[in-house]
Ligand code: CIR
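Below you will find one chain, with nothing else, as C-alpha cells; this is the form predicted on its own, and questions on how it binds or moves follow later.
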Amino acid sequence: MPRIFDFTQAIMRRPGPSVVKGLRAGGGADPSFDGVLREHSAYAAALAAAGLGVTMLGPLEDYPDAIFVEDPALVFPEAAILLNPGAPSRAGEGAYLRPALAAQFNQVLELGEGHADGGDVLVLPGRILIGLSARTDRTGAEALAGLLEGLGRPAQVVETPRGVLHQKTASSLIDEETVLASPALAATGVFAGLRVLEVPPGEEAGANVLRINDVLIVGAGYPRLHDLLDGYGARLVPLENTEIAKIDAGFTCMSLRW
C-alpha cells in the first residue's frame, strides 16, 4: 500500500530574475539570482534522483514568489485544489498553474472564499492540519477543510505559534509515525498520536524538510538535525538553501508532488 510520501510526479516553476525581490518576513538582503538558480536546480535534480518525473514550468516575472508553487495549490491523486494565497502580490498565481493542473488531474477545485497558503497545510496519516497564520485566515482554512472533506480527507484547523510564517516553516512529516516540529508547535499538542521530534536549539530554521519516497531532503547547515533524523527509514540528502532561504523558502514549497 502506498505511503503518504510516496510520489511519482512533481510540478516546479523555474525562477526568473525577479525572484530576488521575493517576499520575506524579516527583511534582509536580496539573494543572488545565480545562487537561487543553483539551489533550485539542485533541488529539482534531487527530486528526479528520488524517482519523480518533474514538470518544469516557465518563470513568471510579474510574480517574484511564483517558484513556490505549493502555496497557490494543493495536489492529491484524485484532485488538485487552487488556493488563494494570503499575500496580495501572489493573488494571481493560481491562474497560471491551472493549465498544468488541468492537464494532470481529472478535477481542479477552487477555494471559494478566504485566504489559504499551501505552506500551512500539513498532510498526516488519516488527517490534514490547516494552520492559521498571517497568510491563512479562518475563513479560508474552513473553506479548504470543506473541500478536503469532500475528497474524503478529514481536515482540522489549528493555531500556529505567533511569528511563524507557515505551519510547515515549523513542522514536517518524517515518516507515517513521526513529525519534526519546533518546540513551540510541538507544545500545542496538535500532533497527538504521533512521535514528535523537536528541532535542536539553534537549528530552528531547518525545521522544513521534505520526505519523498525513501529520501529526506534537509538543509545542509544543520548537523545536529541530521543526527536527529538519521534512522527513520530514509536516506538524508542535504542541500544548500542559504540563498533561497533569504526569501523565506523551504523545501516543501518549491514543488507540488503526487
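Heads up: residue numbers just count along the shown sequence, starting at 1. The model shown is predicted, which means the values in this text are computed figures rather than measured ones.
Separately, the form predicted together with the named molecule exists; it is not shown, and the next lines address it.
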{"item": "Listed residue (Ile247, Val237, Ala234, Ala10) with a non-hydrogen atom within 4.5 angstroms of the named molecule in the predicted complex", "value": "Ile247"}
{"item": "Stretch in contact in the predicted complex with the named molecule, which is absent here, among 196-204, 41-49, 210-218, 66-74 (heavy atoms within 4.5 Å)", "value": "66-74"}
{"item": "is_contact(His115, the named molecule) in the predicted complex, heavy atom dist at most 4.5 Å", "value": "no"}
{"item": "4.5 Å heavy atom contact, Thr169 to the named molecule in the predicted complex", "value": "yes"}
{"item": "Contact test in the predicted complex: Gly140 vs the named molecule, heavy atoms, 4.5 Å", "value": "no"}
{"item": "Heavy atom of Cys253 within 4.5 Å of the named molecule in the predicted complex", "value": "yes"}
{"item": "Stretch 96-134: residues contacting the named molecule in the predicted complex, 4.5 Å heavy atom cut-off", "value": "Gly119"}
